[in-house]
Each structure stands twice: as C-alpha cells, then as structure tokens.
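First, one chain by itself: the form predicted alone, in structure tokens.
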C-alpha cells in the first residue's frame, strides 16, 4: 500500500481527541494542517518524533498550521502519553474501527496493526500538498513539513500579488 500523494483531496475523518471530544478534519479547514501518523504511543522513536514537533510548535504556528498526531492507540493511552511528554497539540485515536483513517490515507500496516510513520501537509482547501512515509524505525524530523508549509506560503503570496 502506498500513502496518498500530493494533489489528492484529504479524506475526511472524525476521531476522538479526548474521552468526550471528537475532532473532524473539516473543522480545521481554512488553515494548513499537518497530519503525523505514527505507530504507537510510548515507543522510543514515536516519543522523540512527537517531542520534536512539540518543541518546534512555534514554527508551525508561524505558518498558522495545526499539527495533529494520529495513531491506533486509544484516547486514554494518548492522554497519558501527551501528559508525560507535555504535548501541546492533539493526538487523535484511530482506534475503532481500528486504523480506518490510516487505511484511508494509505498508512495502515496490516502486518502489525499499526500506522506507518507517514506525514501529510494539507492546504487550507483540504488538498494534500506534500506527503512522506518514513521507515517506522526512523524519526522523519520536521524539515519536509516546514519546507512544504513555506512553499504553500510562497504560492499564496504569488497568487495574491
């Protein structure tokens, strides 16, 4: 399975962000969105990846971008993981039906029932402008995300001038 590519409309979803609150992708329309699919809370690489995004959150905010982490873990697991790492962005539970959103984005790993380490940058209109799938053992960092956000800003500036 290959992840969705640039130019594709991002599939809509509605996932638990807290035990009693769901987040829909369409609620974020009008601003850039970064979806960071990752295999599992508490794994060393995932912890480092999410901590990095938390640390550079001001960079994402500079582009008015909302970052969202998504894994097949449940919302209680996410709550504990986010609290331990002091994350200041939502983690969404693609828990039931397991991996349905990851499957829609081409990022579900059938062999072990987790998500790929896949990144998507979505524009204000809901179109994927950049996607990347890293080996699950490798933290993909943020350079590709920031480059995609910068390109979107440059394109908007060209269109408006």
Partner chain sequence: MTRQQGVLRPDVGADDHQDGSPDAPVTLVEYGDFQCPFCYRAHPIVMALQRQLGSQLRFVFRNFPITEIHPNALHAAEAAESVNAHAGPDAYWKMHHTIFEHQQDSPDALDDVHLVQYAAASGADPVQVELDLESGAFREKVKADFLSGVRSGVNGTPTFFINGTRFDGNWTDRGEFAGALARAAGVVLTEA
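Keep in mind that what you see is a predicted model, and the values were worked out from it rather than measured. Positions refer to the first chain, counted from 1.
Absent from the display: the form predicted in complex with the partner chain. The rest refers to it.
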- Item | Partner contact for residue 139 in the predicted bound form: the partner chain, 4.5 angstroms, heavy atom | yes
- Proximity of residue 150 to the partner chain in the predicted bound form, heavy atoms at 4.5 Å: yes
- Item | Residue contact check: residue 144 to the partner chain in the predicted bound form, 4.5 Å heavy atom | yes
- Though only this chain appears here, would residue 132 touch the partner chain in the predicted bound form if you measure heavy atom gaps against 4.5 Å? yes
- Query: Can you pick the one in 40, 28, 100, 56 that has a heavy atom within 4.5 Å of the partner chain in the predicted bound form?
  - Reply: 56
- Task: Choose one stretch from 92-100, 65-73, 106-114, 123-131: the one whose residues place a heavy atom within 4.5 angstroms of the partner chain in the predicted bound form.
- Result: 123-131
- Decide yes or no: are 48, 85 and 88 jointly within 4.5 Å of the partner chain in the predicted bound form, with each residue judged by its heavy atoms? yes
